[in-house]
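Shown here is one chain on its own, the form predicted alone, set out as structure tokens.
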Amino acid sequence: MLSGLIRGKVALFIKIALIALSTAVLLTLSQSAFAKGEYVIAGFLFIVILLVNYTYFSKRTVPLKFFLPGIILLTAFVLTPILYTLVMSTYNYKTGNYISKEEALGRIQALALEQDEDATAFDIVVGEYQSSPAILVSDINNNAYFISTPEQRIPLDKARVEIDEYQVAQSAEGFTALDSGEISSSDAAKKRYFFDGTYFIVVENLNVGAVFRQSLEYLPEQDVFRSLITGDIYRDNNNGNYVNENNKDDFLEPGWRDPSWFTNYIRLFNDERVRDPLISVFIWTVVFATLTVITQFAFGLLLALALNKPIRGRRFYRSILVLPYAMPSVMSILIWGGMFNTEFGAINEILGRDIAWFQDPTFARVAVILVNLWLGFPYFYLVSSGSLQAIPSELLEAAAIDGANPRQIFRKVTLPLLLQILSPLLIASFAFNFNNFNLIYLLTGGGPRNQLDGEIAGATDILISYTYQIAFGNNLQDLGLASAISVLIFFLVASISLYGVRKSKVLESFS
């Protein structure tokens, strides 16, 4: 009925309106991205605008009309993150090396300050002198007062300065004080004010200024920093930092993002601080994903076989078994975390023990497997129940007539057919649990781990949670190394999944 009404000019008008609205939204986003310097995003959105208008206004692109939304979403949310992660894995991108080189140069020069030997500080008033930013300085110890601008220092006669009861100058001829709001809206507090030929005054807060000198000088022709105190030269080490020629452990901060090419990948194999925990985490990840799939599938199949027979209350039992799957996993994990609590958890109360579930590596891993079993068995119960219904009863009857007992029928007929049907789901479940971040993060946090010894990898950390710890979980955030591990995880999961699909021969039915 509706398709019969929306035809001709009405359908054309609706199409034009929707495409115009989409174009307007994408164009606005593109302009915003361009204004913020995100040229790649702006370019991508502009290309999407062209593709959308060409595809839906052309009569030669009928098949593409159906595929274009999926292609755009696949590119934006799958291919682009993968490509970005791959690029970032080739950079020295970590704490102290976040910004660009241009920004780092400015920050190094701004931070390269050394206070004078006496740690001299003055009471000041921030304002303007002859329309130039200036400070009114009170040198109470020497009973002297002066105005300092970025270019000069102007001594003042005490008799011509308005002084409060604390001997602090508040105003002077030609000087206009600024209130806090005016200071915040200007750059007066960020200026360096002249003190003598070497030192200058820096505004530390609205009422105090301290005397500093520049400790480093940047020589742009040579792209080096020279220490004005020791004369040492700091050169670009082509890895995102300026390093002292005479001491490789002495480098300037902050650094910048700099291509390191395969350095992060080499660290995965050569740096024992990264390699050793990575190997142990990888082994536990494979064990965790494998045990999870086996236990969930076995328990779900057992329940499916039990409820496949006509028994009283079967519908009620099936409804109860699906409840864990219907409940949000985040809530279930947090509830189980409370139940495993050592002091007041329900599990220790039932067992009459004080088991430190999350302080002992073995118990923590057992807890993780048990909770994941609870979360996953309803899914395998549902798919196993459906698969059992799909197995022709004639095959089971023929096996029984040939003299096979129930165990032999299950082992020789039912299970092989189930595995053939469910192989893609088992592989998908393995891939999901290989990256089951929520369970590990919410239940154990990857622990237990010895943080006093600087351990990053915990006993229950899997590769994805270990990567999170490297990227965000401690004071030294190494995003480049985390990206390299993410790329490694991608290829591992892809390889294992492809191997499983080929071994199960599930794709042969499509050939």
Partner chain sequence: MTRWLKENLWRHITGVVMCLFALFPLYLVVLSSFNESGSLQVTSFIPKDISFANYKVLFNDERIPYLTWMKNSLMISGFVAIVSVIIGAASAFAFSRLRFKGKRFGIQLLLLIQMFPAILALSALYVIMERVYKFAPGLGIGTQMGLVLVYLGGAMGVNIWLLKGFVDSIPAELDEAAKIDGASAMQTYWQIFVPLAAPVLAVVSLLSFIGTFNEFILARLFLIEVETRTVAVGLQQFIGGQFSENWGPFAAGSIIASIPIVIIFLSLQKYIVSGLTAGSVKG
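Positions refer to the first chain, counted from 1. Rigid core here is just the name for the largest C-alpha set that superposes within 1.5 Å across the two forms. Please read these numbers as outputs of a predicted model, since none were measured by experiment.
One more form of this protein exists, namely the form predicted together with its partner chain; it is left out here, but the text below deals with it.
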Only one of 210 to 218, 195 to 203, 112 to 120, 345 to 353 gets a heavy atom within 4.5 Å of its partner chain in the predicted bound form; which is it?
345 to 353
Taking its partner chain as it sits in the predicted bound form, is residue 160 in contact with it (heavy atom to heavy atom, 4.5 Å or less)?
no
Although the partner isn't part of this model, could you tell me whether residue 464 comes within 4.5 Å of its partner chain in the predicted bound form, counting any heavy atom of the residue?
yes
Quick check on residue 32: any heavy atom within 4.5 Å of its partner chain in the predicted bound form?
yes
Exercise: residue 309 in contact with its partner chain in the predicted bound form, heavy atom 4.5 Å
yes
292, 435, 244, 138 - the one with a heavy atom within 4.5 Å of its partner chain in the predicted bound form
435
Among the candidates 251, 410, 317, 363, the residue which, in the predicted bound form, approaches its partner chain to within 4.5 Å (heavy atoms):
317
Going by heavy atoms, what in 455 to 485 lies within 4.5 angstroms of its partner chain in the predicted bound form?
464, 467, 468, 472, 479
Align both forms on the core first, then report whether residue 479 has a C-alpha shift of 2 Å or more between the shown form and the other one.
no
Quick one: core overlaid, is residue 109 moving 2 Å or more at the Cα between the shown form and the other one?
no
For residue 302, is the C-alpha shift between the shown form and the other one 2 Å or more after core superposition?
no
